[in-house]
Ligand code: 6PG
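The form predicted alone is given below as one chain in structure tokens.
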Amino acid sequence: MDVPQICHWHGYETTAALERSAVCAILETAESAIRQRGDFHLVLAGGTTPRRVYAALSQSPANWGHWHIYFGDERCLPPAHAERNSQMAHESWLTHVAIPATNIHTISAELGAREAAQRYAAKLASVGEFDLVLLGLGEDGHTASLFPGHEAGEAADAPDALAVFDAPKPPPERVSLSAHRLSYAKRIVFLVTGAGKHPAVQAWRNGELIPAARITPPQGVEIWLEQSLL
């Protein structure tokens, strides 16, 4: 039986306002997690809006030594390829702050989807509940690299990381955290911008089971988007 998703919708007048709020939320969630447990475990999304958020974080003070960085998905491309999510995060943010290299947990997607997924699942086996997961929304309703018509890994026994083949947008081979693993988080925030996302947002609000709707933590998900998309 599908677990219903609880959605908390937050509209913003401008993209800039959404991005400022995202930066503040990340920093505040990090501070709270470090104060309570000593570490902050954050899952990153790819995309244009996250890139700008990460660039703003690179100029922000934080207790970086206690941050742990993970990736919601990755493209099977060479490590320094410009379209890798990890490369984007490094260029815009991670190389500019003092997060220890051992705390940045990239996906070895250059090894191929199957091998990389197995290795990342093994790495995540010792990681508990994420403090914050950032996700985006594609025009087709996908999130991370969970695409329509593909396995999302919702079951309780699903692997933490999935090998993705025949993705509908290039490159076809990817690695994605499963819906079940992405849902194992204290807080999940979708950052949604761009007029092209309107049909996917409407399908989501109408109760269609798009991939983004398969992320089902008990406390629900926060969906931050431009007011014009509501």
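A quick note: this is a predicted structure, and the numbers were derived from the prediction, not measured. Position 1 is the first residue in the sequence shown; the rest follow in order.
This protein has a second form, the form predicted in complex with this ligand, left out of what is shown; the following refers to that one.
Asker: Want to guess which of 136-144, 91-99, 154-162, 119-127 is within 4.5 Å of this ligand in the predicted bound form, heavy atoms only?
Answerer: Of the options, only 136-144 has residues within 4.5 Å of the partner.
Asker: Counting any non-hydrogen atom inside 4.5 Å, which residue from S60, T48, Q202, N63 sits next to this ligand in the predicted bound form?
Answerer: Filtering the options by heavy-atom distance leaves T48.
Asker: Which residue among K186, H198, R37, K169 has a heavy atom within 4.5 angstroms of this ligand in the predicted bound form?
Answerer: Of K186, H198, R37, K169, the residue with a heavy atom within 4.5 Å of this ligand in the predicted bound form is K169.
Asker: D131 near this ligand in the predicted bound form, any heavy atom under 4.5 Å?
Answerer: D131: no contact with this ligand in the predicted bound form.
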